[in-house]
Ligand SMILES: Nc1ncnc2c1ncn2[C@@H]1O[C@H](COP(=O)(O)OP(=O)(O)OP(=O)(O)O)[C@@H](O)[C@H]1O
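There is one chain below, alone, in structure tokens, taken in the form predicted on its own.
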Amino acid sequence: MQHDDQATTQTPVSGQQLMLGIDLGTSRTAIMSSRGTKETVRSVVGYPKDLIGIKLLGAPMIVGDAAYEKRAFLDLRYPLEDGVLREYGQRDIEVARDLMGYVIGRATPKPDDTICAVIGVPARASKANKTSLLRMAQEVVDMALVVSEPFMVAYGQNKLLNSLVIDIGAGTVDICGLKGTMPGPEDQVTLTKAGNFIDERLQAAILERYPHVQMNLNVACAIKEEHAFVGHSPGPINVSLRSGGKPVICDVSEPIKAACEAMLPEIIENMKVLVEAFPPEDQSTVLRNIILAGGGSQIRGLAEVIAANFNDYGDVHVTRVSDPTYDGCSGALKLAQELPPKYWGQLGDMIGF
């Protein structure tokens, strides 16, 4: 498979088409294919720190959960920052290429396949971000389209008219108003107080309450993923931490509540701005079609707290997608399968036709 260096490469179609939906995430990347692939990959690449690491690993690099589990002797690199590719230097580009190649490889393409991928990016990703991603994708796929992640969710849910999608990931919260057309910049917003922000706030809050415990972001993230909530407290949340190497039991309910609720004001404020941007006759319909997606949608009490902030707006329905892990890439795959790639250029930036 050969490609030109420009993002406008013309690629002939040959063999069978392999359709891919890819949801690039700061923490995890999900992929689905037209042949039944359905996988998530931790968005991290690990490289041995020294010759001992090379001997232990038996390979020049490793990707995903396996890299994270072997982090003691690996240099871990996260090529996605706030949901877009980092490009600080040649090394960052190589890391991103290693991750992308691994993700595409999980779909086990055949040698004569024409690989067509719809890839999700944050709602307000810049033109430069999209161009950078397409140039990277160019090395491993024949055709690629980048679209906003909340649009992928809306497409998969058949909610393309008079709805509002809030997609909460690790690096970003994307909020998008759907008006029956491809959303423009004025219809979308990307916030950076998301899952990683909660981890940082939770770590700080636990250390403030229990300064003697050993705490890092990995521990904070694990606590968040199991116990996250907003609104009414479910009662004491006792977790086992370490102090001086010994286990101690700590109630972390208040730190969890404070950390999770810290991201809400910006979300609510921007939701209200986007709702008010709809024609007045459509706003009541929009308020009944608010959709929570992404890993952060699993925070307990989130739908109820959001709805409560719109009490004076009328009847409000906030629902969560049934599969937060794959809601984005399933919508991307559905788009790839329903719309022939020759029309993709009408939806956004692409390489290929």
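All residue numbers refer to positions in the sequence shown, first residue = 1. Nothing here was measured: the structure is a model prediction, and the numbers come from that model.
This next part talks about the form predicted together with the named molecule, which is not shown.
Peer 1: Counting heavy atoms only and using a 4.5 Å cut-off, do 26, 170 and 298 all touch the named molecule in the predicted bound form?
Peer 2: Spot residues vs the named molecule: full contact, yes.
Peer 1: From the list 225, 186, 139, 94, which entry has a heavy atom within 4.5 Å of the named molecule in the predicted bound form?
Peer 2: Partner contact (heavy atom, 4.5 Å) among the options: 225.
Peer 1: Just one of 157, 196, 129, 253 has a heavy atom within 4.5 Å of the named molecule in the predicted bound form. Which one?
Peer 2: Result of the distance check: 196.
Peer 1: Taking any heavy atom pair closer than or equal to 4.5 Å as contact, tell me whether residue 258 reaches the named molecule in the predicted bound form.
Peer 2: No.
Peer 1: May I ask you to check whether residue 215 falls inside a 4.5 Å heavy atom distance of the named molecule in the predicted bound form?
Peer 2: Result no; residue 215 lies far from the named molecule in the predicted bound form.
Peer 1: Just to confirm, residue 239 within 4.5 Å of the named molecule in the predicted bound form by heavy atoms?
Peer 2: Contact with the named molecule, no.
Peer 1: Given that the named molecule is not shown alongside this chain, does residue 221 nevertheless sit within 4.5 Å of it in the predicted bound form, heavy atom to heavy atom?
Peer 2: Residue 221: yes, in contact with the named molecule in the predicted bound form.
Peer 1: Based on heavy atom distances of 4.5 Å or less, which listed stretch (287-295, 306-314, 62-70, 46-54) is in contact with the named molecule in the predicted bound form?
Peer 2: Of the stretches listed, the one contacting the partner is 287-295.
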